[in-house]
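Look below for two forms of one protein chain, each set out as structure tokens: first structure 1, then structure 2.
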Structure 1
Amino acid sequence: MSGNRFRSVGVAIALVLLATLPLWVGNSYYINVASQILLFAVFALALNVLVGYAGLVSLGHAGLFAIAGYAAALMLQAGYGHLAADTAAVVITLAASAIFAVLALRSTGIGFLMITLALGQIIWGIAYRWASLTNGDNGINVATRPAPFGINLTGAPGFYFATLLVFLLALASMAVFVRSPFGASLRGTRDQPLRMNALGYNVWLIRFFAVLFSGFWTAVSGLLFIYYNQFISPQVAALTTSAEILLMVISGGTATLLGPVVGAAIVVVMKNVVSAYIERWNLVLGVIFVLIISFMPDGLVPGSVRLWRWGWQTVRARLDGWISSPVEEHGR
């Protein structure tokens, strides 16, 4: 089977499994865990635009994530409808992303990371201290979920299918983005920024639009998060949230579409399933990450693909040797 056909079959099987998951899982708790995996996968894919394709590591994306959630929650609390609240949340998050970009793109490397870290902490501080607006540690409750086209999303299966649809849209947009001329130019700014600048490309503007694209899907994942939990608190904007999402991207594999999804699945399953059986699940998660970085430094997905190819080539070489040996003996 050729590589393309094998990939197509794998994608088809994955889509069938995802589309039928509520049927063969049954338990609402695990359906909700699957919804969490998908919404955090959207968040991780958004961060991967910067980390993987732009070479810009951000530790402040939880701030943008929280801005979207708080904006929608506050507007809903003020009596606005879901459509108006969600639209405003996306617009506000894009505006915040633009501000983040203008400030953080003054530098790259460790400088960009530290500026985004500081910006993220500012958002956390506002959410924590401005209690008259955000209600502080008590957070904000979201009373209802939207009902697009009259579809009820209050149950676990309904919300899962809505999250799956958004996830597939995000994945498709990322695939188009990666294969587009803009995606190629963004990778060029990652690998050879000076040469790209010499060729006439505006490196700063390319990175700016990449931050906006990442911010858009971060806003969408933030909306999914508040509708899933129907609650938001300052913890959402904390450094630990940014670190967890970054670990999802790095452990799964940067500059890949499947890597952030696998990383999201690992973290969410450890937090929601394994933690019920292992008290020190954080230790186990840390060991898993150390093993991945030690033995597959480019991430779990690229490392697994490389290991699969090596194993397949080894098996084919041995099979060819076994087949050719009887033929040679017969010729003699």
Structure 2
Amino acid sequence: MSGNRFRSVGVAIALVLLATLPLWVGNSYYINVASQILLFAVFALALNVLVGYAGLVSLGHAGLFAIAGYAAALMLQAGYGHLAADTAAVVITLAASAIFAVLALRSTGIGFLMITLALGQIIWGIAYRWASLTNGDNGINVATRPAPFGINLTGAPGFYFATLLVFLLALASMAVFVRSPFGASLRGTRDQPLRMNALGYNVWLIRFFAVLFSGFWTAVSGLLFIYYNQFISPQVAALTTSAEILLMVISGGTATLLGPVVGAAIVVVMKNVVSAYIERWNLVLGVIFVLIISFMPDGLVPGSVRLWRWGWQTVRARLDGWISSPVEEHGR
């Protein structure tokens, strides 16, 4: 029980800190970094549905992210309103996710990874080469941010609060998903696909819905991204983006609720810090990738938890030893 109360207090503190962040941070640069962390956290949470809970590693999610961004940017450019553009973008991305799923779910494991990688490269190729539609390497500008219910999102704090709201919704939906029968059956298809099949579950369909669920939040994060940057270019669809998000999921710890969030924070902060000093972000990304996979394959969050537990147990064993050892002496 005390563990639960401890957790509730922690969550409450985190919420208060997040909700008041613009007040105590002040500088709009740092508020923007916080917005970036939150929007990439939504993306990482979406990818974690597949990587963590379904055991399906996608290297094509940047493609879905870019589809949402491009769809919305193109519709806004064509003169549609924000609501229409965003809704259409989510629907189009869901349709693309369904196509991804139908093709990639023909296999699992490495096959899934390869097919999603190839599909992601197709999207990148379209964004880059189909210049008459996407304006090629020059990208598309997004003129304005939306003003839902008349709330102005132009400034850094306004956009931060909107992103925070979306992030909390995403996190809540993940928490519900993990505890739901759907989440349990998805983990079942990850660990024991044959048994799940024998038990009468439609393994393919469960995975299909997982791809759609992941695609939905990927689309939402893609929309946040284009509103944040007010610009989209083919770079967004590149394999580097997919790899960056995958690094967030893996470094934080797959199949954990908060792992992708921690991972997003680590990667975004590092990217901002590293880019300020040297141009070699990709080098750093690659080195961290290799180090984490080689030395902390279960991610930083589970790794740290393991370390904490080990430390706590060692300390307690010591304490027990101090308390009980005189008694033992006496007994002898």
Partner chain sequence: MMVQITSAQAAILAVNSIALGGLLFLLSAGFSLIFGLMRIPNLVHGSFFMLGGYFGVTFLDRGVNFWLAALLSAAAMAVIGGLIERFLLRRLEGQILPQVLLTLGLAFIIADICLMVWTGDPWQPSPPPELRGTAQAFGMFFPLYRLAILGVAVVIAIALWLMVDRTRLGAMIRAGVDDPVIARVMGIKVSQLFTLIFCLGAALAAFAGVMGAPYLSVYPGLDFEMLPLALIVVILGGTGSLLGALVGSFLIGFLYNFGQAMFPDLAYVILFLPMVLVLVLRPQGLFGRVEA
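By rigid core we mean the largest C-alpha set that fits within 1.5 Å across both forms. Computed from a predicted structure; not experimentally measured. Reference numbering: structure 1, starting with residue 1.
Between structures 1 and 2, only structure 2 derives from the form predicted together with the partner chain. Taking 2 Å as the criterion, N27 does not count as shifted between the two structures: its C-alpha moves by less than this amount when the rigid core is aligned. The Cα shift for I292 between the two structures, taken after rigid core superposition, is 2 angstroms or larger. Remark: with the core as the superposition reference, the CA shift of M270 between the two structures stays below 2 Å. Core superposition gives W281 a CA displacement of 5.5 Å between the two structures. In the core-aligned comparison between the two structures, the Cα atom of V315 sits 2.7 Å away from its counterpart.
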